[in-house]
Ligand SMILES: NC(=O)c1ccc[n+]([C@@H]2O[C@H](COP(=O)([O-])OP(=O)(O)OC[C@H]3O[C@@H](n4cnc5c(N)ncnc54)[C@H](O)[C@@H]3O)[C@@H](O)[C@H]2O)c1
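Take a look at this single chain, the form predicted alone, given in C-alpha coordinates.
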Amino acid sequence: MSERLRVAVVGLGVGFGHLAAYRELPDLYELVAVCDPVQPKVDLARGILGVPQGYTSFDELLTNDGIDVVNVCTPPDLHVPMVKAVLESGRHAVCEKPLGGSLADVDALAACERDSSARLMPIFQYRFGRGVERVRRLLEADVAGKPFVASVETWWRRGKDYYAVPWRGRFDTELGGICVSHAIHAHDLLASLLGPIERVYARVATRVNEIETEDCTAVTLEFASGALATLTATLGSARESSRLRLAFEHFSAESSQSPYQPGSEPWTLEPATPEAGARIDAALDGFEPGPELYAGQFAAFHGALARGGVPPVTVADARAAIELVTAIYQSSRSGEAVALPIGPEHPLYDGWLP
(Lines give C-alpha, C1' and ligand atoms only; values in the text may rest on other atoms or scores of the structure.)
Protein backbone atom coordinates (compact mmCIF):
# COMPACT_ATOMS: atom_id res chain seq x y z
CA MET A 1 0.00 0.00 0.00
CA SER A 2 2.17 2.84 -1.25
CA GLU A 3 -0.68 5.05 -2.52
CA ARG A 4 -2.15 7.96 -0.65
CA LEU A 5 -4.75 7.08 1.95
CA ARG A 6 -8.03 9.00 1.94
CA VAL A 7 -8.83 10.38 5.40
CA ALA A 8 -11.92 11.71 7.16
CA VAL A 9 -11.59 13.52 10.50
CA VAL A 10 -14.54 13.33 12.91
CA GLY A 11 -14.74 15.93 15.67
CA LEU A 12 -13.47 19.44 15.00
CA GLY A 13 -12.01 20.44 18.34
CA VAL A 14 -8.63 18.77 18.67
CA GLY A 15 -9.42 17.42 15.22
CA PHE A 16 -8.10 20.67 13.70
CA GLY A 17 -4.63 19.68 14.92
CA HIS A 18 -5.00 16.32 13.20
CA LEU A 19 -6.09 18.00 9.99
CA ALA A 20 -3.01 20.22 10.02
CA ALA A 21 -0.77 17.17 10.52
CA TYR A 22 -2.27 15.33 7.57
CA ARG A 23 -1.68 18.44 5.47
CA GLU A 24 2.04 18.09 6.29
CA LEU A 25 2.03 14.67 4.58
CA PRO A 26 0.52 15.29 1.10
CA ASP A 27 2.39 12.33 -0.43
CA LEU A 28 0.87 9.94 2.10
CA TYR A 29 -2.66 11.22 2.80
CA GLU A 30 -5.51 12.98 1.07
CA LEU A 31 -8.05 14.81 3.24
CA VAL A 32 -11.43 14.01 1.74
CA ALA A 33 -13.99 14.73 4.48
CA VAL A 34 -14.66 16.27 7.88
CA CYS A 35 -17.55 15.59 10.25
CA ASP A 36 -18.92 17.47 13.24
CA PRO A 37 -22.48 18.01 14.52
CA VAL A 38 -21.88 21.78 14.44
CA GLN A 39 -22.27 22.97 10.85
CA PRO A 40 -20.19 26.17 11.23
CA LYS A 41 -17.20 24.06 12.33
CA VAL A 42 -17.60 21.90 9.25
CA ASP A 43 -17.82 25.01 7.05
CA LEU A 44 -14.73 26.51 8.72
CA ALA A 45 -12.63 23.38 8.21
CA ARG A 46 -13.68 23.08 4.61
CA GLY A 47 -13.07 26.75 3.93
CA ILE A 48 -9.63 26.95 5.56
CA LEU A 49 -8.27 23.59 4.45
CA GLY A 50 -10.18 23.02 1.23
CA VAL A 51 -11.59 19.67 2.36
CA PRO A 52 -14.04 18.64 -0.38
CA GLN A 53 -16.77 16.98 1.70
CA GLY A 54 -18.41 17.85 5.00
CA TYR A 55 -20.91 16.00 7.19
CA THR A 56 -22.85 16.66 10.37
CA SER A 57 -23.87 12.99 10.61
CA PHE A 58 -21.32 10.29 11.47
CA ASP A 59 -23.62 7.58 10.12
CA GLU A 60 -23.87 9.40 6.80
CA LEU A 61 -20.09 9.76 6.67
CA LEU A 62 -19.71 5.99 6.91
CA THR A 63 -21.81 5.55 3.75
CA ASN A 64 -18.99 7.25 1.78
CA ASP A 65 -17.02 4.51 0.00
CA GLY A 66 -14.19 6.90 -0.84
CA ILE A 67 -12.64 6.87 2.65
CA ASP A 68 -9.77 4.63 3.82
CA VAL A 69 -9.10 6.03 7.31
CA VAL A 70 -11.53 7.57 9.81
CA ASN A 71 -9.85 9.66 12.50
CA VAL A 72 -12.02 9.97 15.64
CA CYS A 73 -11.49 13.13 17.71
CA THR A 74 -14.88 13.32 19.45
CA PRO A 75 -15.66 13.60 23.18
CA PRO A 76 -14.40 10.47 24.97
CA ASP A 77 -17.75 8.82 25.63
CA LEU A 78 -18.26 8.46 21.85
CA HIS A 79 -14.93 6.79 21.09
CA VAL A 80 -15.89 3.14 21.58
CA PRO A 81 -19.10 3.04 19.50
CA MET A 82 -17.56 5.14 16.72
CA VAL A 83 -14.33 3.14 16.49
CA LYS A 84 -16.30 -0.09 16.48
CA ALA A 85 -18.48 1.20 13.63
CA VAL A 86 -15.40 2.29 11.65
CA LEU A 87 -13.69 -1.09 12.00
CA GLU A 88 -16.88 -2.97 11.13
CA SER A 89 -17.15 -0.87 7.96
CA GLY A 90 -13.69 -2.09 6.90
CA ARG A 91 -11.94 1.28 7.35
CA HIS A 92 -8.81 1.85 9.38
CA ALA A 93 -9.49 3.77 12.61
CA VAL A 94 -7.38 6.37 14.37
CA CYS A 95 -8.66 7.43 17.79
CA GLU A 96 -7.71 10.15 20.24
CA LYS A 97 -7.22 9.37 23.91
CA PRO A 98 -8.69 7.79 25.89
CA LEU A 99 -9.51 4.85 23.64
CA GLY A 100 -12.22 3.76 26.06
CA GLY A 101 -13.58 4.17 29.56
CA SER A 102 -12.52 0.78 30.85
CA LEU A 103 -10.29 -2.20 30.20
CA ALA A 104 -13.42 -4.04 29.10
CA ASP A 105 -13.94 -1.38 26.41
CA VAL A 106 -10.37 -1.68 25.16
CA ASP A 107 -10.45 -5.47 25.14
CA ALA A 108 -13.71 -5.35 23.16
CA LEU A 109 -12.12 -3.03 20.58
CA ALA A 110 -9.09 -5.33 20.37
CA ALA A 111 -11.45 -8.21 19.54
CA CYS A 112 -13.22 -6.02 16.98
CA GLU A 113 -9.89 -5.21 15.33
CA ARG A 114 -8.96 -8.90 15.20
CA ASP A 115 -12.24 -9.63 13.43
CA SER A 116 -11.76 -6.76 10.97
CA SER A 117 -9.61 -6.42 7.87
CA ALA A 118 -8.68 -2.94 9.12
CA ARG A 119 -6.29 -1.66 11.78
CA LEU A 120 -6.83 0.55 14.81
CA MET A 121 -4.24 3.08 15.97
CA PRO A 122 -4.71 5.00 19.25
CA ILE A 123 -3.14 8.46 19.44
CA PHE A 124 -0.05 8.95 21.61
CA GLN A 125 1.76 11.67 19.69
CA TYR A 126 4.27 12.52 22.44
CA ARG A 127 6.18 9.36 21.47
CA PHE A 128 7.10 11.04 18.19
CA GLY A 129 9.52 13.74 19.28
CA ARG A 130 13.14 14.12 18.23
CA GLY A 131 14.36 14.37 21.82
CA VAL A 132 12.71 11.23 23.12
CA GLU A 133 13.60 9.39 19.92
CA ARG A 134 17.27 9.91 20.80
CA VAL A 135 16.68 8.30 24.20
CA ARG A 136 14.78 5.42 22.61
CA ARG A 137 17.64 4.92 20.18
CA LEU A 138 20.06 4.56 23.09
CA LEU A 139 17.79 2.05 24.82
CA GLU A 140 17.53 -0.03 21.64
CA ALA A 141 21.33 0.11 21.26
CA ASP A 142 21.70 -1.20 24.84
CA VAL A 143 23.67 1.88 25.89
CA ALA A 144 21.58 2.85 28.94
CA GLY A 145 22.20 -0.06 31.27
CA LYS A 146 19.97 -0.60 34.29
CA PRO A 147 17.09 1.88 34.77
CA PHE A 148 17.07 3.38 38.26
CA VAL A 149 14.37 6.03 38.78
CA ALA A 150 12.21 8.45 36.81
CA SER A 151 9.80 11.30 37.37
CA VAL A 152 7.05 12.84 35.27
CA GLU A 153 5.51 16.25 35.95
CA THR A 154 2.36 17.41 34.15
CA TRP A 155 1.76 20.85 35.58
CA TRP A 156 -0.92 22.56 33.53
CA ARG A 157 -3.62 25.16 34.11
CA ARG A 158 -7.33 24.70 33.41
CA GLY A 159 -10.08 26.93 34.73
CA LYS A 160 -13.69 27.94 34.33
CA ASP A 161 -13.43 28.76 30.62
CA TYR A 162 -12.08 25.29 29.85
CA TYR A 163 -14.78 23.57 31.88
CA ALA A 164 -17.55 25.70 30.37
CA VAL A 165 -17.65 23.06 27.60
CA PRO A 166 -20.55 20.89 28.83
CA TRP A 167 -18.92 17.45 28.44
CA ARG A 168 -15.74 18.34 30.35
CA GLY A 169 -15.27 17.68 34.04
CA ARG A 170 -17.91 14.91 34.09
CA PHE A 171 -17.27 11.21 34.49
CA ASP A 172 -20.09 10.17 32.15
CA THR A 173 -18.76 12.15 29.18
CA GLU A 174 -15.06 12.93 29.77
CA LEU A 175 -14.63 9.53 31.50
CA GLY A 176 -12.21 10.98 34.05
CA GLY A 177 -10.07 13.94 34.98
CA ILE A 178 -6.38 14.75 34.79
CA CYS A 179 -5.40 11.05 34.77
CA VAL A 180 -7.52 10.41 31.66
CA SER A 181 -7.60 13.63 29.66
CA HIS A 182 -4.32 15.40 30.38
CA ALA A 183 -1.43 13.48 31.97
CA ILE A 184 -2.15 10.23 30.10
CA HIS A 185 0.19 11.25 27.24
CA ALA A 186 3.24 11.89 29.43
CA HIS A 187 2.53 8.75 31.46
CA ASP A 188 2.37 6.71 28.26
CA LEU A 189 5.65 8.25 27.12
CA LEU A 190 7.38 7.10 30.31
CA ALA A 191 5.93 3.59 30.05
CA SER A 192 7.04 3.36 26.41
CA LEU A 193 10.62 3.91 27.62
CA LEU A 194 10.71 1.87 30.84
CA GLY A 195 8.41 -1.00 29.96
CA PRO A 196 5.70 -2.82 31.92
CA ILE A 197 4.46 -1.45 35.25
CA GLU A 198 4.02 -3.96 38.08
CA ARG A 199 2.64 -1.92 40.98
CA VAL A 200 0.82 1.39 41.43
CA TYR A 201 0.18 3.47 44.54
CA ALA A 202 -1.82 6.65 43.98
CA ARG A 203 -3.76 9.55 45.41
CA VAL A 204 -6.12 11.82 43.46
CA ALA A 205 -7.93 14.97 44.51
CA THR A 206 -10.17 17.73 43.17
CA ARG A 207 -8.53 20.91 44.44
CA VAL A 208 -8.49 23.44 41.59
CA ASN A 209 -11.92 23.41 39.95
CA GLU A 210 -15.52 22.75 40.97
CA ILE A 211 -15.87 19.59 38.85
CA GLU A 212 -16.75 15.93 39.34
CA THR A 213 -13.40 14.62 38.18
CA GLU A 214 -9.92 14.87 39.72
CA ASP A 215 -7.53 17.70 38.82
CA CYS A 216 -4.51 16.73 40.98
CA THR A 217 -2.73 13.43 41.41
CA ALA A 218 0.43 11.93 42.90
CA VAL A 219 1.48 8.39 41.93
CA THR A 220 4.33 6.00 42.68
CA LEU A 221 5.18 3.24 40.21
CA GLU A 222 7.25 0.06 40.34
CA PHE A 223 8.33 -1.32 36.96
CA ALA A 224 9.03 -4.93 36.05
CA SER A 225 12.66 -3.91 35.56
CA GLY A 226 12.86 -2.82 39.20
CA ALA A 227 12.89 0.88 38.32
CA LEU A 228 10.85 3.29 40.44
CA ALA A 229 8.99 6.39 39.25
CA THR A 230 6.84 9.20 40.53
CA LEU A 231 4.07 10.98 38.62
CA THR A 232 2.66 14.35 39.68
CA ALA A 233 -0.02 16.22 37.82
CA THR A 234 -2.13 19.30 38.46
CA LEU A 235 -4.40 21.66 36.56
CA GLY A 236 -3.59 24.51 38.95
CA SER A 237 -0.02 25.44 38.03
CA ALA A 238 0.62 29.15 37.47
CA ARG A 239 3.21 28.25 34.81
CA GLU A 240 2.41 25.37 32.49
CA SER A 241 5.12 22.78 31.98
CA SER A 242 5.71 19.08 31.38
CA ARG A 243 8.95 17.35 32.31
CA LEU A 244 10.38 13.84 32.30
CA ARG A 245 13.60 12.89 34.08
CA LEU A 246 15.15 9.41 33.87
CA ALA A 247 18.27 8.04 35.57
CA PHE A 248 19.92 5.00 34.00
CA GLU A 249 23.13 3.23 34.90
CA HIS A 250 25.12 4.91 32.14
CA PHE A 251 23.36 8.25 31.60
CA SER A 252 20.62 10.54 32.83
CA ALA A 253 18.07 12.16 30.54
CA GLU A 254 15.83 15.18 31.03
CA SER A 255 13.21 16.58 28.70
CA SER A 256 12.43 20.19 27.98
CA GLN A 257 9.63 21.75 29.98
CA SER A 258 7.40 22.46 26.98
CA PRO A 259 3.91 21.71 28.32
CA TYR A 260 2.57 20.03 25.18
CA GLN A 261 5.71 18.80 23.42
CA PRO A 262 7.90 17.15 26.08
CA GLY A 263 9.12 14.56 23.59
CA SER A 264 10.60 17.23 21.34
CA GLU A 265 14.03 18.80 21.64
CA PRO A 266 15.80 19.98 23.64
CA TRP A 267 16.53 16.85 25.71
CA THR A 268 19.62 16.85 27.91
CA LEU A 269 21.73 13.67 28.07
CA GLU A 270 24.38 13.43 30.78
CA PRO A 271 26.75 10.42 30.52
CA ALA A 272 27.92 8.84 33.77
CA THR A 273 31.47 8.33 32.47
CA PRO A 274 33.57 9.38 29.48
CA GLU A 275 33.27 5.83 28.18
CA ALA A 276 29.46 6.05 28.34
CA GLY A 277 29.64 9.36 26.51
CA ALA A 278 31.61 7.76 23.70
CA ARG A 279 29.04 4.96 23.39
CA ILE A 280 26.23 7.53 23.30
CA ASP A 281 27.96 9.50 20.55
CA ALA A 282 28.52 6.35 18.51
CA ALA A 283 24.90 5.20 18.86
CA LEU A 284 23.54 8.59 17.80
CA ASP A 285 25.99 9.16 14.94
CA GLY A 286 23.98 9.73 11.77
CA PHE A 287 20.65 9.29 13.57
CA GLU A 288 17.89 11.26 11.85
CA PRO A 289 14.42 11.00 13.42
CA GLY A 290 11.34 11.53 11.27
CA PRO A 291 8.46 14.00 11.57
CA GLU A 292 7.23 14.89 15.04
CA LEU A 293 3.99 14.64 17.02
CA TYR A 294 0.81 13.88 15.03
CA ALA A 295 2.60 14.07 11.68
CA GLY A 296 5.23 11.64 12.92
CA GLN A 297 2.64 9.17 14.14
CA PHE A 298 0.58 9.42 10.95
CA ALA A 299 3.66 8.94 8.76
CA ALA A 300 4.64 5.85 10.75
CA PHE A 301 1.07 4.53 10.47
CA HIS A 302 1.13 4.84 6.69
CA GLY A 303 4.45 3.01 6.59
CA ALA A 304 3.11 0.20 8.76
CA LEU A 305 0.04 -0.23 6.58
CA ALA A 306 2.19 -0.19 3.44
CA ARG A 307 4.30 -3.01 4.87
CA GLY A 308 1.35 -4.92 6.27
CA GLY A 309 2.87 -4.46 9.71
CA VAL A 310 1.77 -3.44 13.18
CA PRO A 311 0.74 0.21 13.76
CA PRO A 312 3.36 2.32 15.55
CA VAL A 313 0.95 2.65 18.49
CA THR A 314 -1.21 -0.39 19.14
CA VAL A 315 -4.36 -1.28 21.04
CA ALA A 316 -2.06 -3.03 23.53
CA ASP A 317 -0.35 0.32 24.15
CA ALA A 318 -3.73 1.95 24.80
CA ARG A 319 -4.62 -0.94 27.12
CA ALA A 320 -1.48 -0.32 29.16
CA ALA A 321 -2.45 3.35 29.52
CA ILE A 322 -6.01 2.49 30.55
CA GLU A 323 -4.67 -0.17 32.93
CA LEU A 324 -2.59 2.50 34.67
CA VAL A 325 -5.64 4.78 34.92
CA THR A 326 -7.67 1.90 36.37
CA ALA A 327 -4.97 1.17 38.95
CA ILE A 328 -4.69 4.86 39.91
CA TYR A 329 -8.42 5.09 40.64
CA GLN A 330 -8.48 1.77 42.48
CA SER A 331 -5.47 2.64 44.63
CA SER A 332 -6.77 6.12 45.43
CA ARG A 333 -10.07 4.63 46.64
CA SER A 334 -8.70 1.64 48.51
CA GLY A 335 -5.60 3.27 49.99
CA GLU A 336 -3.55 0.28 48.88
CA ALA A 337 -1.08 -0.49 46.12
CA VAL A 338 -2.50 -2.22 43.06
CA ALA A 339 -0.66 -4.99 41.24
CA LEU A 340 -0.63 -5.21 37.44
CA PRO A 341 -1.68 -6.70 35.07
CA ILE A 342 -5.42 -6.28 35.61
CA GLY A 343 -7.84 -8.88 34.27
CA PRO A 344 -11.62 -9.34 34.09
CA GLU A 345 -11.80 -10.36 37.75
CA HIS A 346 -10.68 -6.90 38.92
CA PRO A 347 -13.45 -4.77 40.51
CA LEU A 348 -12.79 -1.86 38.10
CA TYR A 349 -12.28 -3.94 34.94
CA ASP A 350 -15.66 -2.74 33.62
CA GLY A 351 -14.98 0.88 34.49
CA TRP A 352 -13.91 3.30 37.22
CA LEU A 353 -16.88 5.65 37.08
CA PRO A 354 -18.26 6.35 40.59
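Being a predicted model, the structure only gives us computed values, none of them experimental. Sequential numbering from 1, following the sequence displayed.
Omitted from view is the form predicted in complex with the named molecule, to which the following refers.
Each of 38, 125 and 167 places at least one heavy atom within 4.5 Å of the named molecule in the predicted complex.
Not displayed here, the named molecule is kept clear of residue 149 by more than 4.5 Å at the level of heavy atoms in the predicted complex. In the predicted complex, residue 29 stays away from the named molecule, with no heavy atom inside 4.5 Å. The closest heavy atom approach of residue 75 to the named molecule in the predicted complex falls within 4.5 Å.
At the 4.5 Å threshold, heavy atoms of residue 92 stay clear of the named molecule in the predicted complex, well away from it. Listed stretches are 45-53, 62-70, 308-316, 29-37; the contact stretch with the named molecule in the predicted complex is 29-37, by a heavy atom cutoff of 4.5 Å.
Residue in contact with the named molecule in the predicted complex (any heavy atom within 4.5 Å), chosen from 109, 280, 82, 202: 82. Note on the partner interface in the predicted complex: the residue among 96, 215, 153, 133 having a heavy atom within 4.5 angstroms of the named molecule is 96. Shown here without the named molecule, the chain has 10, 11, 12, 13, 14, 35 in 9-35 lying with a heavy atom within 4.5 Å of that partner in the predicted complex.
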